[in-house]
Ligand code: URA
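The form predicted on its own is given below as one chain in structure tokens.
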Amino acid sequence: MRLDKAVSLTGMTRSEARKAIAAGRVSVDGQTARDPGAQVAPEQVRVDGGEPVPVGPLHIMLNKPAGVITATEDRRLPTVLDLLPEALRRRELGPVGRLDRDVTGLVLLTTDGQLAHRLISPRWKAEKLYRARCEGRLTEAEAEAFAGGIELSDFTAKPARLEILEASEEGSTADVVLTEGKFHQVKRMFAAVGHPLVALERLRIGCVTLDPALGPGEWRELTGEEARGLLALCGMDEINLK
């Protein structure tokens, strides 16, 4: 990796990295380095004698609040990346799939593009758990409809599990588990059985459950166990793990 790119992993822009290198603030394997184009091992690079440059894949869990879009950039609306520190935003993180602007809960962000692709691919059957609040009283008839696969206008949703937690004429709460996530799919499934959604929150992707300690807009890195679980789920070698 080029030295200036390695230094930029600390959160600097490339321009700032080159200035730091020129000023003699950067060392490689203990020796001051001044060639921004030199090929280096990032783990040997230090700025101002600090910690080694971060290397390897980065995996983040974020509790997305309503009103934030699941994208890397937008000219008008706040994105999930805007909730992260500048240093992390420069690590080329990307969201795993999408949540609608008004949907809250778990968003995974990763620098591992292959992992992201497999987690959203139906082939690998990574379950997504949502907690839904809807209008009207849900019954076992709706649970059976979900289990049989619901026909929508442009496709038939694959069988999903619907567990009713609370039900009344005023509204119901249920957990939904599915292995696909097409555009507005959960909303459309509830509307198709006559129970429009009031609110929707994603609680789990595969083996990773939203940390209850994270408030809206808060985040943390995945633990080693969580990351290993995702890699195993997707049939990926553990050498990709940070």
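From a predicted model like this one, the values you see are computed outputs, not experimental measurements. One rule holds for the numbers: they count along the sequence shown, beginning at 1.
There is another form of this protein, the form predicted together with the named molecule, and it is not shown here; the text below is about that form.
Engineer: Which single stretch, out of 25 to 33, 203 to 211, 177 to 185, 51 to 59, brings residue heavy atoms within 4.5 Å of the named molecule in the predicted complex?
Structural biologist: That would be 177 to 185.
Engineer: Might V96 be said to contact the named molecule in the predicted complex, defining contact as any heavy atom within 4.5 Å?
Structural biologist: Contact with the named molecule, no.
Engineer: With the partner left out here, check for me: in the predicted complex, does some heavy atom of F146 sit within 4.5 Å of the named molecule?
Structural biologist: Contact with the named molecule, no.
Engineer: Give a yes/no on whether D100 approaches the named molecule to within 4.5 Å in the predicted complex, heavy atoms considered.
Structural biologist: Yes, contact at 4.5 Å.
Engineer: Using a 4.5 Å cut-off on heavy atoms, which residues of 129 to 160 contact the named molecule in the predicted complex?
Structural biologist: If the 4.5 Å heavy-atom criterion is applied to the named molecule in the predicted complex, 129 to 160 yields only Y130.
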